[in-house]
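Have a look below at one chain only, the form predicted alone, in structure tokens format.
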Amino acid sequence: MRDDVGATWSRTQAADIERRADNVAPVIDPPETDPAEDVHVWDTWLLRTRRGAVASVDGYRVALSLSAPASLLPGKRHDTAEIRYFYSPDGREWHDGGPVFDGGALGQRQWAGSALYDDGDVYVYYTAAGDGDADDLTYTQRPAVAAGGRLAATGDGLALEGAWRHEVLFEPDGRWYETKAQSEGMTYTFRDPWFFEDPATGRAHLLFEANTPVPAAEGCDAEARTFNGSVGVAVSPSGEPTEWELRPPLVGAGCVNQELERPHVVVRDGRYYLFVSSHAHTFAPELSGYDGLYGFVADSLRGEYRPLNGSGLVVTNPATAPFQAYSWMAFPHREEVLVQSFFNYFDFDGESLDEIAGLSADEQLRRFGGTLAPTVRLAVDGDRTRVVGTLDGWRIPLPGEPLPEPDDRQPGAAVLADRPVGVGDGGYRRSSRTGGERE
């Protein structure tokens, strides 16, 4: 084990991953309406303050999402992704504000990040994916920031505008964080910047997804060592949202998992809950996991993180709909932790998403949700978590808003059984001015 990695997710811990009634989300039924019917929407994050609270701007809440035209085959959406914003006066009814940037973003396309609202200024952290001057599609990944945005209420909504200034924040150093040239794994990651100010110290941090080289002495074979995902961190010496210096990883998953996506922290009862999303197919050989939200807990940001629930698994999809949601993002609300994600592939229980490519274009479009999923409710107690229900899709409660009583019947219990996927009549219609239609 490297002595410069804060904690390690071990193979022994990951070997205990299993679906249980308290970690399986209910089956998602397609929504009757969609506030983003003209676009695919997937990875989503909320505009937050320095202290991590969901921001309120002139009474509106703001969500930012990766998006692509709804007519595009879902598997191609990552190649053209751009960030859009949505706003809501009540956390229930959302309106599409359009693209965040009108040109000027770095890279060939934008992947996931976070957004900071700081004394009226908006900072959008994102992954600059691809080389902007390349003729072909490339997969370079660099955490970047756009500064200079402002939000202002209009007669009928909320406008996000400004003279955006884009810059790359840092590059992998080759020691703590693997470069693309060093990578021998199934995929490469250096992305998903997420702003976090530690309430204990007041110091600003930027978490991100990375890969960390695993030494040969780690105790697993050469193939397993290429599964080397990690949660990276940078600090801001001055506290300025655009100035960052790399630090060693918070958590490493060497010999366990290749991708610890969209890392973020929720502080609760003096504990630091570090959450990541990961896939079934990114676990190392001889380990089995699911598409799910995984988590760790420590007594400080750089503390010795322990996997939640023993194995790290917090929320996953039912066995009958294993890819129905992905890209979970947690935030505190009253006594609970709420988790939003996006509605991925439904009416599909294949072994791998690779099977989707074998379907017709119409079937690929029909089976892709492309919108936000119902918000999952988590009860959190020390090192344990439990799914206690869901809220309707695209619902982000207002500060202090009471929620219905949790469902103590453990809503995931029924979906552990082998039963048909609950998708009503098998699909839903979503019209699109760009020509896409789902039936």
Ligand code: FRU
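Heads up: residue numbers just count along the shown sequence, starting at 1. Computed from a predicted model, the values in this text were never measured in an experiment.
A second form of this protein, the form predicted in complex with the ligand, is not displayed here; the remarks below concern that form.
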Between the options 206, 255, 145, 112, which residue brings a heavy atom to within 4.5 Å of the ligand in the predicted bound form? 112
Out of 282, 320, 327, 311, which one falls within 4.5 Å of the ligand in the predicted bound form, going by heavy atoms? 327
For the interface check, one of 37 to 45, 390 to 398, 56 to 64, 375 to 383 should have non-hydrogen atoms within 4.5 Å of the ligand in the predicted bound form; which one? 37 to 45
Taking the ligand as it sits in the predicted bound form, is residue 78 in contact with it (heavy atom to heavy atom, 4.5 Å or less)? yes
Residue-level question: is residue 261 within 4.5 Å of the ligand in the predicted bound form, judged on heavy atoms? yes
Suppose contact means any heavy atom within 4.5 Å; which members of 283 to 315 contact the ligand in the predicted bound form? none
